[in-house]
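Taking the form predicted alone, here's one chain by itself in structure tokens.
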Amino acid sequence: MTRIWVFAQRDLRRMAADRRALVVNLALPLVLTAVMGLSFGGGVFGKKGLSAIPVAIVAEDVPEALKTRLLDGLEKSGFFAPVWADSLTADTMVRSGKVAAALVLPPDPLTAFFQADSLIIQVWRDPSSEIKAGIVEEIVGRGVLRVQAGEAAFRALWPEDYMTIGADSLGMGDLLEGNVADIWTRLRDPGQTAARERAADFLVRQFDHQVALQRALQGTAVGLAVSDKIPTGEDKQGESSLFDYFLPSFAVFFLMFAVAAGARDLHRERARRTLQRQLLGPGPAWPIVLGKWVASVVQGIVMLTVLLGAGALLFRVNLGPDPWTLPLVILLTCTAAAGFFLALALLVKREKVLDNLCTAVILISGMVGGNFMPVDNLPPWAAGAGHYVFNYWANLAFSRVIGDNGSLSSIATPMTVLACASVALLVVILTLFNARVKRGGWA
């Protein structure tokens, strides 16, 4: 154990001396988290989820068949998670942050609409959820505009005050057919009274259309009223923010770069002949590679701890329901990451090849592992591929602990996978290193 810690301390001192790498690995995740969170979240302290938008719908005296079709349509869209509620319940849900907005229809809305009474649709918004509430307001507003356009066209075509008018445009055409002399003759000819009456009826009808359209545009039959509901101060337990997703995902992403850099030290030491001198020392060779593994694990733990601690102070990132769940996730994430990239280093012969391989692996695993998109939102093919990279399970565990405030029981599967992967990779590392030493591969 003493030899292992000696080798680990040496690598840790070297890592700490690389200040540029420290700045990149610690500052960039925080900067990116701030940029992404503020861009998509609308505020440092605003709570914004990434899942379907929760919406309460208040609609009294609406037929059940219509309610069912509306609910099914909203749910199948994948953008909304609608619930039916009365006005009091909806008000409470909006104020407590359980829904981003509430869509409120007046009593007996169908009767009011078809009787041409004023129909005002209300949207109650949660002010702390600007993005989601704004999306609901925008969609409802567009729907109201379409209804208003249709209502204006309906009233322009069939206004109540001329529903019985039977004239058409043929009268005007008959009256104005021919040259000026013919038109003058028909207008002055007593025998053309019927044609003149038909033309007059047509002109009246056209003016009725224009007047009805003007009235429809001036007096809206369907309106939209938007109001913010001030939060009641109730606990929003379990609510996820964009910062709760972005910070751990970026932290794991940069952790892979940091651990990969530590794995490259094997080839750098070989090029400088320091690794060969260590192998000539007394005792077995395996403490050398195990010391590097320990150093990478310690570096990762410090990095993730600092980042998440800073996130808790700057962005109010949730640190889990208890003091041991998140540290366990950090530990197993770091052990799996260190084992994975050290195994890659032992599988290649040159540092340049390792650099290219690590870059490709980090980018691909970042895409399928949930570092750029929440694991739950990945397409099926990406989620299937992500099961074979450690960062998928790390991101899944972080999202459940930080995003959903889950305990150990909720992350049993990802923790088991990470633990098994860590042990298996450690065995692979020791086996590959000892085999390479015996073959003289480090000479």
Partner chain sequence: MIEVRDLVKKYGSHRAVDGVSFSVARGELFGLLGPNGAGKTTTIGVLSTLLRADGGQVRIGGHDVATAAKDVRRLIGVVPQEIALYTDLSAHDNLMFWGRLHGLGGAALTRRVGDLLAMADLADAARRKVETFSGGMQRRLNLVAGLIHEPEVLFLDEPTVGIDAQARTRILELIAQLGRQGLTVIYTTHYLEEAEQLCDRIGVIDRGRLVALGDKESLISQIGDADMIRLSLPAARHEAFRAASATWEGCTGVGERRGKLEVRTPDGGRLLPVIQDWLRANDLPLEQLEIERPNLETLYLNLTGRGLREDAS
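If you're wondering where the values come from, they're calculated on a predicted model, not measured in any experiment. Positions refer to the first chain, counted from 1.
The same protein also has a form predicted in complex with the partner chain, omitted here; what follows describes it.
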Looking at 243-251, 264-272, 314-322, 301-309, which one sits within 4.5 Å of the partner chain in the model of the complex if you count heavy atoms only? 264-272
All of 68, 70 and 142 within 4.5 Å of the partner chain in the model of the complex, heavy atom check: no
Going by heavy atom distances of 4.5 angstroms or less, which of 359, 276, 185, 87 would be at the interface with the partner chain in the model of the complex? 276
Does the partner chain get within 4.5 angstroms of any non-hydrogen atom of residue 190 in the model of the complex? no
Under a 4.5 Å heavy atom criterion, is residue 194 part of the interface with the partner chain in the model of the complex? no
Taking the partner chain as it sits in the model of the complex, is residue 434 near enough to touch it, meaning that at least one heavy atom pair lies within 4.5 angstroms? no
Heavy atom within 4.5 Å of the partner chain in the model of the complex - qualifying residues of 281-315: 281, 282, 283
